[in-house]
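So this one's two forms of a single chain, laid out as C-alpha cells and tagged structure 1 and structure 2.
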Structure 1
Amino acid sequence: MSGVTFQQVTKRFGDVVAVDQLTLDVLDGEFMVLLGPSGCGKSTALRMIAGLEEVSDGLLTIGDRVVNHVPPQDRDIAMVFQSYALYPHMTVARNIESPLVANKRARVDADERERRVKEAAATLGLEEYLGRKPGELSGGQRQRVALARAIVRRPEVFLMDEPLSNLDAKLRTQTRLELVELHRRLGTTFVYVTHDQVEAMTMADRIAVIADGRLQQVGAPQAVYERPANLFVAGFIGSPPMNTLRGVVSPGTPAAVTTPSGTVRVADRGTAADDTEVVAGIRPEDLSVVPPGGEGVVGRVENVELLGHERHLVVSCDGHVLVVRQDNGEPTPAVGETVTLAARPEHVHLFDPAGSGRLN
C-alpha cells in the first residue's frame, strides 16, 4: 500500500493547461475524492496517476517511487473507467482475471487465479454471472465487474473516474455505500473522481476541490463545508448553494456587514478591515425569518418550495436571491410578503470580492 503525491504537477495539451501546478498529498489508505466542475482537469489528474497521460511538469510519486516515467503496467494501480471498459468478447470470469493473466508482476498460477476470481466475484455478488458476456449484464452489474477486475490484482492504489455516473439514482446510492464498505475492508488508497458533491461528501475521507486545473481546497468533507477556502468552493459545495451578499464592513464591535438591504452580524471578522468591501456568505440553513423591524436583511418572498421534509424560501433582496432553509414547523410566509432575514453570526463567512479568498 502507498499514497500518491503530486508536487507542482502540470499537464499541458498544446496551449491548454488542464492541470496547473497541482500539489496534493493522498495519504496511504485514504479515500480521496477529486471534485470539480466539468472540464476542470480532474480526469486528467487521475489519468496521470494511471500513466495514461504524461506529466508535463513536476513530480508524481506513488509510494516512495517517482513514477513520471514509469509505464502504466508497472505502476501497480487499477482503474475503473466511467464506461467500465469491459472486454465485450470475454466472459465476466475472463474479464475479471485479465489483470492476473496479463501483468507479469501480478501473474499467478491457475489455481490461485481461479481462487482470486471467485473471491472477487463473491465480494461483489457476481458468482452467478461469471459465464456471461458483459453485453448480457445490466449497467450496475457491469459496474461491479469493472470493480471486481480492479480488486482482483490487489493494487497499491485504486483509481476511479466517475464510476457511478451511468447508474440510476437508487443504484448509485446503494453502490456508494458498497464502495465505502469496500474501501474499509481493503484499506487501500482510493482516488475517486466525480463532479457530484453528494458522492464526494458521503464517500470521501478528504475532498480535493479543483477548478480550472487548480486546486482550491483540500480537507475533510465537513471541514470543507464549514470553512470553504474561497468563493468558488463556497458556491460549489452545498445544495442549495451558499447565499452571497455584497456589503461593506462597518466599524466597531460587534462586527457587521452593511448591505443595501440591511445588516448582517458577523461573529468573527478575521482580517477584514473597516470600511472595506466584502462578500458575506451564508448557508441556507443559517438564515432565519425574524419578526419585522429586527436586525437583518429585508426582502420579498418570491417562492416557497415544499420538499416534504423541509421548505426553501426564495427571497429577493435588492437584486440578490437568497435561499432560506426552513423546518416544516416554522410559520410559512406567503409569496409576495416582505420578510426580515437574520443570519447566525458565528456562521457568516467573509470573502474578498477581488481575490475571492476567505477573510475570517
Structure 2
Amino acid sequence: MSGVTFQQVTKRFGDVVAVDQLTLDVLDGEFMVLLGPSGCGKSTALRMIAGLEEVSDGLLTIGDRVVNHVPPQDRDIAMVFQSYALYPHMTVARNIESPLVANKRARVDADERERRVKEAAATLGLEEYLGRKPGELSGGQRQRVALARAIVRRPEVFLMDEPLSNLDAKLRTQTRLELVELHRRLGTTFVYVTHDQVEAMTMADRIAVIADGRLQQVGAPQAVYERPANLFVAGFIGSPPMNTLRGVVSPGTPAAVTTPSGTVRVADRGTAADDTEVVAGIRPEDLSVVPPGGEGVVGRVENVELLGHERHLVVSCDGHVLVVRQDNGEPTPAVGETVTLAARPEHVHLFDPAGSGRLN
C-alpha cells in the first residue's frame, strides 16, 4: 500500500490554471475525499494521480516514488469512473477479469485470474451475476462490477471519480455503505472525488475542500464542519449551509456583533477588534426562536419547510435569509410572523469579510 503526496502541484491548460499549487498528503490506507463544486479542479487532481493529465509544476509521489513522468500503466493504481465503462458484449466475469488480461506486465495465469475474479465478486456480492452481461444488470450492480474490476488488480491506490452520481438516492446510500466496508476490508488508499457533501461527510477519513483550483481546508469531516477555515467552506459544508450576517464588533464583554437586524452574542471574538466589520456565521441548529423583546436578530418568517424528522424556518432579516433547524416538539411560528432569533454564543463563527478567513 502507498500514500499519495502533492507538493506544490499545478496544472495548467493554456492560460487556465485548473489546479494551483496543491500541497496535500494522502496517508497510506486513508479514505481521502476531494470535495468541491463543479470546475474546482478536484477531478483534474485525481487524473494527475492516474497519469491521465501531466503535472505542469511541482512533484507528485505515490509511496516513495515521484510519478510525474511515469506512464499510467506503471503507477499501480485502479480507477473507477462516473460512467461504468463496462464491455457490453462480455459477461460480468470477463469484465472483472479484463484488467488482468489486458495488462501483460501483470503475468497472472488462468487459475489465478479465476480465483481473483471469484474473490472480487464475493467481496461485492456479485457471485450470482458472473454469467450475465451488463445489459441484464441494474445501475447499482453495474457500478459494483466496475468496482470489482478495479479491486481485482490489487492496486496500491484506488481512484474514484464521482462513481455514485448516476445512481438514484436509495442506491447511493446502499453503495456508500458498501464502499466504506470495502475500504475497511482492503485497507488500501482511496482517493474519492465528489461534489456531494453527504458522500464526503459519511465516507471520508479526511476531506480536502477545493475551490477555484486551490485547497481551502483539509481535516476530519466533523472538524471541518465545526470549524470551517473560511467563508467558502462555511457555506459549502452543511445542509442547509451556514447562515451569515454582516455586522460590527461592539466594545465590551461578552463580545457581540451588531447587525442591522439586531445583536449576536459571541463567546470568543478571536482576533476581531472592536468596531471592525465581520461576518458572523451560525449553523441552522445553533439558532433558536426566543420570546419577543429578547436579545437577538429580528426577521420575518418567509416559509416553513416540513421534513418529517425536523422543520426548517426560513427567515428574512434585513436582506439576509437565515434558516433555523427546529425539532418537531418546538412551537412553529406562522408564515409572515415576526420572530426574534438568538444564537448560541459558543457556536458563533467570525470571518473576515475581505479575505474570508476565520477570525475565531
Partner chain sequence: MTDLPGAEAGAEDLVRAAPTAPLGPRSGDGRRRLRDALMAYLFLLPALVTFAVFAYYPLYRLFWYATHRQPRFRNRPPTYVGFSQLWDSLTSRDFAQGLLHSATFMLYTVPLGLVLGVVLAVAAHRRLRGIKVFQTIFSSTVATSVAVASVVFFTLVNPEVGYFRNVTWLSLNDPTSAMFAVSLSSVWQNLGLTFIVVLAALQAVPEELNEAALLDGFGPVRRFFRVTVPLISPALLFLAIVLVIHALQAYAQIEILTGGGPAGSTETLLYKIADPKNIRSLDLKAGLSIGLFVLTGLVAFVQYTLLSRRVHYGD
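Keep in mind that this is a model prediction, so the values were computed, not measured. For residue numbers, the reference is structure 1: its sequence is counted from 1. C-alpha atoms forming the largest set that superposes within 1.5 Å between two forms make up the rigid core.
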Name the structure that is the form predicted alone; the other one isn't.
-> 2
Core fit, then L182 C-alpha moves 2 Å or more between structures 1 and 2 | no
Do you see a C-alpha shift of 2 Å or more at K133 between structures 1 and 2, with the core held fixed?
-> yes
